[in-house]
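Next up is one chain by itself, shown in structure tokens, the form predicted alone.
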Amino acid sequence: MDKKEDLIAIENLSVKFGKQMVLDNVSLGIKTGEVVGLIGPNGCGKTTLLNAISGFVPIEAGTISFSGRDIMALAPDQRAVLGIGRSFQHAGVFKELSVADNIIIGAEKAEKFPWWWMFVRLYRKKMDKIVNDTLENVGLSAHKNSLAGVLSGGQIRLLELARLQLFKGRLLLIDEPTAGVAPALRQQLAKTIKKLNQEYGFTIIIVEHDLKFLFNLVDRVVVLVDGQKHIEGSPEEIQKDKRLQEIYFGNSD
């Protein structure tokens, strides 16, 4: 049996903001096809780690490789071209546009449609199918013609994941998917993330505060504390680890 390769290899990574070391000598490997959760107290470096992988913060020390290639010198847009997709803590959709138009903008780029595609019937039919299929996958078909700005927090998250679904890449970095999401929509959110992994083949790293939501989704959990990797293991192992209780509920300075 072939051993899965490391899609992302992070070695001795440190990130410093001013005099504060936000990530301190973090090493982490993510296998192709894995879903890995990042958890830890506020300010422990979770989002910074995603930003480092996607190229949005300067690196103090260490290396990051993607599919065996050193990507340290690459800008965020160059990393996206290589196949690293990113969602943000505050959902990145165009609220002044319709739900359908949000999908169209993503599809134009992903499918490399020519600028004049809307004047050709064949392209219009293809785009209409992409929009309809994508929205059906995330349960937003009924909102196709609504402005994205009138959607609920959970629906906006689903729209953002729908746009990621169109991304022609291999790795998705998803930051706080349940932020602002009502409990009723969290099941659909989890279903969509699972589909991105199992049907679309994305390797996924998720930052999330809702531990129950996360543990039901991921293959592995990494716990960061004060910018360092503190615990790592399967969801079952992490839940049984007494150190997790201490981190979240024990004495803190």
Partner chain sequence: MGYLFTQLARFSETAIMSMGAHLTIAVSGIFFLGIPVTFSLAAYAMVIAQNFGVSLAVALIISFSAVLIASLIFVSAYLKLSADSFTVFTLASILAFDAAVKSWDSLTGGVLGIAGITRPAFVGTLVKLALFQFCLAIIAFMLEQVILKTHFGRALQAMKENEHLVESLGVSSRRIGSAAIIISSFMAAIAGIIAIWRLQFLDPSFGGLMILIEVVTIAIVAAKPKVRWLAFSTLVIVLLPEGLRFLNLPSTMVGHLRSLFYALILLVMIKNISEKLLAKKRFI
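Every value quoted in this text rests on a predicted model; they were computed, and no experiment measured them. Positions refer to the first chain, counted from 1.
Quick note: we don't show the form predicted together with the partner chain, though the next part is all about it.
Not displayed here, the partner chain is approached by Pro76 to within 4.5 Å at the level of heavy atoms in the predicted bound form. Proximity of Glu176 to the partner chain in the predicted bound form: non-hydrogen atoms within 4.5 Å are absent; the residue sits far from the partner. Proximity of Lys144 to the partner chain in the predicted bound form falls outside the 4.5 Å heavy atom cutoff. A residue is said to contact a partner when one of its heavy atoms sits within 4.5 Å of a partner heavy atom; Tyr123 fails this definition for the partner chain in the predicted bound form, lying far away. This chain is displayed alone, yet in the predicted bound form one of Leu97, Met72, Val150, Ala182 has a heavy atom within 4.5 Å of the partner chain; that residue is Leu97. Although the partner chain is omitted here, in the predicted bound form all of Val81, Asp101 and Arg163 have a heavy atom within 4.5 Å of it.
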